[in-house]
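Okay, here we've got a single chain as structure tokens, the form predicted on its own, with questions on binding and movement later.
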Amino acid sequence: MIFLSNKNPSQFTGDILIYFVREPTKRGAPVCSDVLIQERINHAYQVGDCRGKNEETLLIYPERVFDGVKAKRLLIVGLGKDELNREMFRRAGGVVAQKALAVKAEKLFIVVPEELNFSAEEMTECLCEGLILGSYQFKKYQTKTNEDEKKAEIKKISLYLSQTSSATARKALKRGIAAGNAGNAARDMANEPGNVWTPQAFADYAKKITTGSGLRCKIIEKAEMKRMKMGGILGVNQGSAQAPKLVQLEYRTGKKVPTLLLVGKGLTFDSGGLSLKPSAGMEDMKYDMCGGAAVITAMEVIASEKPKNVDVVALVPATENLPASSAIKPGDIINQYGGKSVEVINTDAEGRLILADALAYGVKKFNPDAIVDLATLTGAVIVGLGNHMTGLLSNNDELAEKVIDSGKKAGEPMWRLPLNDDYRKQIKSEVADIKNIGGKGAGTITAAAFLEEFVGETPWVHLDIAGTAWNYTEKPYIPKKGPVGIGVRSLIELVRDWK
């Protein structure tokens, strides 16, 4: 879909030729590196258009007599005047994708603005991410469309860099494409209905990506879970006809390096169980597996990029949470993997029960040096942070900073919440070791306190993505509705920069 090109932009005859310009700090027209394009910008500026403001666009249909531009359309995209950063180019790529889809353009030619005081490698990488993420569509189940509703599709994007070395540009292109495609793969998983994306679908996907990748895959089935006494996953699964799965993927360097454990919640549909959710909006609970989707798609990229300084293990506990005569009940007591007893106060606080088994098993089996888990865990995180930032809780400052920095690099901001003994007291039970909710206050923090019980002394970060997995802050490369693919690119960046 995206390729490097050494063709002169003036020779491009496809659908849209794209240039990027900055908003001047002083009065005047934005400056473009191409003299002929500058003439068009100057004219637009004189009539009050094309200021170069952030994400502003100017679409021009060149006259055939306009010497020097053979493309059907010319698009000028503003970058604003704020300090240049990775997210600016990611968003700019999304703007281009949206504009191209709106006019049903199939072939694009983008001139990377190498004249700007910013890494051309990072510009290329982030433009690619934004282009791929911004062009995402999920129309798999639409069977009838009229002529105006026919699916627009960008088929080829050429990137032009005149100064950057081809090897450097290819590396940046590859990184951007990998991250963008992984984000879209996670979106695809979440967009599938609950009758299609089941625990078995997680297992099948894991098996598929191990072919030729070097990943090791193991699927822990229900019978083995019973032998291992994984009471959390089994308890949540009691009301479902779908067998649970614990998906295990391993990337190994073959060297003596640290091990990073990634754990993603794979609730393929969450009705709340007997603590039934309201019917309004329950259809969105097919998205309750977004943490698992992030982990498994990130592993696919990790396997292809083959980092040399860290081993990565991924666990995705997958099940449904449904009401039935056999379903777990409020007041029931279960035993998690390792023996800790839990009083189930609310069956809709199920994600922490399945994650607890996976975390305890992962710590014992793999003895990791660090753990990151992702889960659409609590509505409370939306009350606290809205839909703009992922909630982060941790028992280790250094690891927390690493993950926050990775989120910044990926354009997925996080906010750290406190975690101390005052909150841990809220989950003490009178009849078991702990209970699965801690009352009305600090719901996100007490959920993390519950998970902390199962990681021991291992450095650990918990990411509550309930507010950011869908209905996220509007961005040009984020769908207005539906899943975002949140966390995928943050995990990829974390592993790329691991030290």
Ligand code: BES
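Only a predicted model underlies this, so the values are computations on that prediction, with no experimental measurement involved. Numbering starts at 1 and follows the sequence shown.
Just so it is clear, the following notes concern the form predicted in complex with the named molecule, a form of the same protein that is not shown.
Residue contact check for V312: none of its heavy atoms lie within 4.5 Å of the named molecule in the model of the complex. With a 4.5 Å cutoff on heavy atoms, G379 counts as touching the named molecule in the model of the complex. With a 4.5 Å cutoff on heavy atoms, I437 counts as touching the named molecule in the model of the complex. The shortest heavy atom separation between A349 and the named molecule in the model of the complex is within 4.5 Å. The candidate spot formed by R91, E125 and E129 lies out of contact with the named molecule in the model of the complex, as no residue has a heavy atom within 4.5 Å of it. Residue-level contacts in the model of the complex: of I445, V461, A466, I41, one residue has a heavy atom within 4.5 Å of the named molecule, and it is A466. Just one of E300, E412, D270, D373 comes within 4.5 Å of the named molecule in the model of the complex, counting any heavy atom, and that one is D270. Just one listed stretch, out of 424-432, 395-403, 109-117, 281-289, contacts the named molecule in the model of the complex at the 4.5 Å heavy atom level, and that stretch is 281-289.
Although the named molecule is not shown here, in the model of the complex the stretch 242-280 places heavy atoms of K265, D270, K277 within 4.5 Å of it, in sequence order.
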